[in-house]
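One chain follows as structure tokens, the form predicted on its own.
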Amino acid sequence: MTTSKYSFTLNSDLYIKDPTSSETGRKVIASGAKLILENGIEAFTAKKLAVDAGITEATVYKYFANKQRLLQYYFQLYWTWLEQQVKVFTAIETDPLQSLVKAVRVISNIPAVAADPGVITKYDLRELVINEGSKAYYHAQVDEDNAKRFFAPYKSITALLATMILAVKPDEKYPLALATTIIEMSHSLKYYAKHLPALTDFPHETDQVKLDDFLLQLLYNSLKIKP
């Protein structure tokens, strides 16, 4: 099993041995993501990962100390990649409002793409973060993990979006809170649409246009501007 090729440098405290440094490590990443997507982090074990990847359980622990660190690895990988995408798709935009709108659309939607069997796509990675990502920091050791900068990429993309908000409205009082709200809603509402549709006005998982419209409406209303 393989993964899409990522070229990002992640916090080395997340792993014991860099999983991207070997084919076995890449199998650990791919199998781990697949199993967490299928069954959730609670049912996930190193033993199941080893069986799926065709390696020993001891080998899994050569790369990650526990499943929490593996989950945080995916969490950091996703946000690092997503921030890069925002920068790429807004790089040539000169109008601050249009740049902000593009950023929100990128954050809100990663289209599903065809892939070879066993390949973990960026869409899969986003689904994993939507379903399990909050568990990367909703736990008793969050402050210790925060001190180790495990959540730095999430903070970074939030700060980037907040900066874009200030470029549109320099006197906005709560740019970080608004940026966090937009980002969190882009994930939580996708989850609700799939599992708790009565909590949304777009109960079908495929209603991406409606989700985009809602997020942009929230943004325009908060900034008190017309689209």
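In case it trips you up, residue 1 is the first one in the sequence shown, and so on. Keep in mind it's a predicted model, so treat the numbers as computed, not measured.
Missing here is the form predicted together with another copy of the chain; even so, the following discussion is about that form.
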Three-residue site Phe8, Ala91 and Tyr123 fully in contact with another copy of the chain in the model of the complex at 4.5 Å by heavy atom: no
Close approach of Glu172 to another copy of the chain in the model of the complex, 4.5 Å, heavy atom: yes
Contact test in the model of the complex: Ile16 vs another copy of the chain, heavy atoms, 4.5 Å: no
Ser21: touches another copy of the chain in the model of the complex, heavy atom cutoff 4.5 angstroms: no
In the model of the complex, Phe44 touching another copy of the chain (heavy atom, 4.5 Å): no
Candidate stretches 172 to 180, 44 to 52, 24 to 32, 58 to 66 - the one whose heavy atoms come within 4.5 Å of another copy of the chain in the model of the complex: 172 to 180
The unique member of Val86, Ile110, Leu97, Ile130 whose heavy atoms fall within 4.5 Å of another copy of the chain in the model of the complex: Ile130
Stretch 138 to 169: residues contacting another copy of the chain in the model of the complex, 4.5 Å heavy atom cut-off: Tyr138, His139, Ala140, Val142, Asp143, Asn146, Phe151, Tyr154, Lys155, Thr158
